[in-house]
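The chain below stands alone and is given in structure tokens; this is the form predicted alone.
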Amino acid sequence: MRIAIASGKGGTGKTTVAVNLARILCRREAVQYVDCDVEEPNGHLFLTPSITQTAPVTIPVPDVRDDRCTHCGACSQLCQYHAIAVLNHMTLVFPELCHGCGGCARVCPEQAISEVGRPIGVVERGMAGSVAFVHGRLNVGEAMSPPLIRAVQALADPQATVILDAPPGTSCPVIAAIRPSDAVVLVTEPTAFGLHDLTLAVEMVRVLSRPMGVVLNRADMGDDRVEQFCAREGIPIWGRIPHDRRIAEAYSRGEIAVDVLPDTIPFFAAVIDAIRSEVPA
């Protein structure tokens, strides 16, 4: 099973839930933690993996041969992202706008366009104890993360339970991260901000038709509007994690709660049990 951990906004405890679930699962079965938040990966700060493999990731961008190009404009008319433009007797390429679809090379009547790889980041993999670990690191200034997210996901182990730690929000990177999942855990908090962003995240997951449930972090603070919303929408609450200063202190030290606070294990184990009981394998 691939379990995506997502949230409508940052700061809800998404990575806290993800790394704790991975740590508990590794005591029962083969598990892999896949950090899809390639713009700001931080799972490694807690799991502290030993990285054994690093590989660059590129996307194909057009390379125009001036001696063949007739500046007909077919390529620029096709490109919806304005990554290639034809001006009088000049064809310009803007690699940072290119989505790597390859369409421009295919429509060029003179076969003047080939493709070259442009590095956008790296994928790293290794082991964190008995947890297999994969994450990606997007190059600074790079605008598009979905190609790197897909490269990270390509290393997901089909023989393991995979925890996909998604980026926060509801944008394209989040959709790319949760699309291959079998279930989505939406981590939120019982506040007005938490409810607002949870509403957006629920709409996104419904469009993707993925089974989902909610984990309430800092569940004993705030109010009950999130629980009322879940009841109205028929969304199960798969877990409740209390507002515990010790968990926050462990997080600030880069420690995993279930490793240093054994009494927190039932809170995270309940999430796994709820997913397994409600989502078909």
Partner chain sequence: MREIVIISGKGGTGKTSVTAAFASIAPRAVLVDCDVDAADLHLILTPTVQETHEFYGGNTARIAQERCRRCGICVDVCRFGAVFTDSRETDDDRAAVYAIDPIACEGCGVCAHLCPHQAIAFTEALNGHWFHSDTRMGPMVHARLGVAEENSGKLVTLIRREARALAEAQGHDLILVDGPPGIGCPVIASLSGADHVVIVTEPTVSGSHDMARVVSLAAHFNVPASVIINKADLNRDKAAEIVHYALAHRIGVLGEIPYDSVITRAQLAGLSVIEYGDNPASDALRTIWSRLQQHMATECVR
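Residue numbers count along the first chain shown, from 1. None of the values given here were measured: they were computed from a predicted structure.
Not on display, but discussed next: the form predicted together with the partner chain.
Participant: Given that the partner is absent here, does residue 138 sit within 4.5 Å of the partner chain in the predicted complex, heavy atoms only?
Facilitator: Residue-level check for residue 138: yes, a contact with the partner chain.
Participant: Residue 94 versus the partner chain, in the predicted complex: is there a non-hydrogen atom within 4.5 Å?
Facilitator: The answer is no: residue 94 has no heavy atom within 4.5 Å of the partner chain.
Participant: Is residue 191 close enough to touch the partner chain in the predicted complex, meaning at least one heavy atom pair within 4.5 Å?
Facilitator: Residue 191: contacts the partner chain in the predicted complex.
Participant: Taking the shortest heavy atom distance, is residue 130 within 4.5 Å of the partner chain in the predicted complex?
Facilitator: Because no heavy atom of residue 130 falls inside 4.5 Å of the partner chain in the predicted complex, the answer is no.
Participant: Judged by heavy atoms and a 4.5 Å cut-off, are 118, 180 and 273 together in contact with the partner chain in the predicted complex?
Facilitator: Heavy-atom distance to the partner chain in the predicted complex: none of the three under 4.5 Å.
Participant: So the partner chain isn't shown here. In the predicted complex, which residue out of 78, 72, 154, 87 has a non-hydrogen atom within 4.5 Å of it?
Facilitator: Here the answer is residue option 78.
Participant: Between 29, 63, 40, 233, only one gets a heavy atom within 4.5 angstroms of the partner chain in the predicted complex; which residue is that?
Facilitator: Contact with the partner chain in the predicted complex is made by 40 alone.
Participant: Does any residue in 158-190 get within 4.5 Å of the partner chain in the predicted complex, counting heavy atoms only, and if so which ones?
Facilitator: Contacting residues: 168, 169, 170, 171, 172, 175, 179, 190.
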